[in-house]
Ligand SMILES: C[S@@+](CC[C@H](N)C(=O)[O-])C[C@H]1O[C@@H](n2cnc3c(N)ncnc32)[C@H](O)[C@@H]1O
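Just one chain follows, in the form predicted on its own, and it is written as structure tokens.
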């Protein structure tokens, strides 16, 4: 799986398909968490969320993991251009989350925005366990992703759009997933509870804040 070829065009493609709603999902819970000390961001892409995280919480130290070298370059450039004095607070790591080994109980904020949907259920389960192990006892977990409403025309439209999106990304980036996996039961199994949820686009997008159940 590689987003390198799409990286220069990803912002334009996102805007054509969703306007600014994906970014609204990414940042919806930023003002609702306590100031984090060490954050882990998986699959950040071109750095739009990272930039807002550093604006909201300028003292945070961030490990930013992405399998796309080109996306990391774009993220680094965005931070350098917009928040150059905070660039030193970010460690950009070119790695695959499936093979990367994070330090245990190290992060009080974990972020997975529009990334778990790239993997099949068995892989999502493994990633969830790995990230839960990396999270501290008082950690928050921010997640933004697509979702399928339970019934009605919104459900039909969501499933149709997701089918087209998965076909496109399987062809262009070779993602493994063929359908959307709901990580909710996996996160609950790792001791996290849903503290806040913001629906967008008639329930076909969601922004969630999870907290460790101590």
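Numbering follows the first chain given and starts at 1. Please read these numbers as outputs of a predicted model, since none were measured by experiment.
One more form of this protein should be noted, the form predicted in complex with this ligand, which is absent from this view; the next part is about it.
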>> Even though the partner isn't displayed, in the model of the complex is residue 10 close enough to this ligand, meaning a heavy atom within 4.5 Å?
In response: yes
Can any non-hydrogen atom of residue 71 be found within 4.5 angstroms of this ligand in the model of the complex?
yes
Looking in the model of the complex, any heavy atom of residue 124 within 4.5 Å of this ligand?
no
Non-hydrogen atom contact residue 132 with this ligand in the model of the complex at 4.5 angstroms:
no
Students should find that, of 97, 79, 109, 90, the residue having a non-hydrogen atom no more than 4.5 angstroms from this ligand in the model of the complex is 97
The stretch from 150-158, 177-185, 39-47, 53-61 that lies within 4.5 Å of this ligand in the model of the complex, judged by heavy atoms, is 39-47
**Item:** Full three-residue contact with this ligand in the model of the complex, heavy atom 4.5 Å, for 3, 26 and 67
**Value:** yes
Restricting to 106-137, the residues within 4.5 Å of this ligand in the model of the complex through any heavy atom are 113, 114, 115, 118, 119
